[in-house]
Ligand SMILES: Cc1cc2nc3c(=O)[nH]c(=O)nc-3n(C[C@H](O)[C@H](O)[C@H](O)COP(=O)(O)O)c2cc1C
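A lone chain, given as C-alpha cells: the form predicted on its own.
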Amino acid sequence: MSTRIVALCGSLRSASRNQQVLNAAIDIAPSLDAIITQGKFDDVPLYNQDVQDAGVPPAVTTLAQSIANADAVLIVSPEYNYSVPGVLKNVIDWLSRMSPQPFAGKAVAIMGTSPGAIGTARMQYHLRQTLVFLDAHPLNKPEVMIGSYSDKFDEGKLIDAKALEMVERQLVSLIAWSKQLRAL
C-alpha cells in the first residue's frame, strides 16, 4: 500500500518557488510508492475564537480530516521575516484546536527554498517548535533548505540536480519514519 502524504505549502502565490519544490516532490513520490496530496487552505479565515465558537469552518475540518487520514505530512514553505509565514501559522493555529489532534503522532518533514544563502533554516527551526506542541514527530534529517535559488528553477520547475536529490532523499526518509511510527 502506498504511503499517503498530505502536503502544505506556506505560500499561496501561484508562481511560488516553494510550490514548485512541492510540485517536484509530488512528481517524485510515485517512484517511491507514495502519493502526495496537497491540502488547500486558501479559504481558511484568520483564526478567531468567535468564529470557532460559531462553528469550525468546513475548510479546516476537511484539512484536519485529510491530515488525520494520512500516513505523513510534508510542509514546504518560504521564510518570512526569519520565521513561519502568517498563512501557514494561521492554518496550524486552526488545526491546533481540533480534537482529536490531526498532527498527533504524525511523521512530518519540512523543506523550503529562498533567495538567501541559508534557505529556510530559521523558519524550519520555528516550525519545529510549533510541531512539538502539536505532538507531531518532525523528521530530523536529511534537511532540505534550498538557498540561493535564482539558478535552480526554469520555466516553473525545480531543475537543480542536487536540490532534486535532496528532495528525494527526504521523501525516502519521511516514508521510512512514518512506517516506524505506525509500527509503534
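These figures come from a predicted structure and were not determined experimentally. Residue numbers here begin at 1 and follow the sequence given.
This protein has a second form, the form predicted in complex with the ligand, left out of what is shown; the following refers to that one.
Within 4.5 Å of the ligand in the model of the complex, a heavy atom is found for not a single one of P45, T61 and D93. Heavy atoms within 4.5 Å of the ligand in the model of the complex belong, among the stretches 61-69, 114-122, 30-38, 132-140, to residues of 114-122. Not displayed here, the ligand is approached by R13 to within 4.5 Å at the level of heavy atoms in the model of the complex. By the criterion of a heavy atom within 4.5 Å, Q170 is excluded from the residues contacting the ligand in the model of the complex. Contact check for P78: a heavy atom falls within 4.5 Å of the ligand in the model of the complex.
Shown without its partner, the chain has no residue in segment 23-54 with a non-hydrogen atom within 4.5 angstroms of the ligand in the model of the complex.
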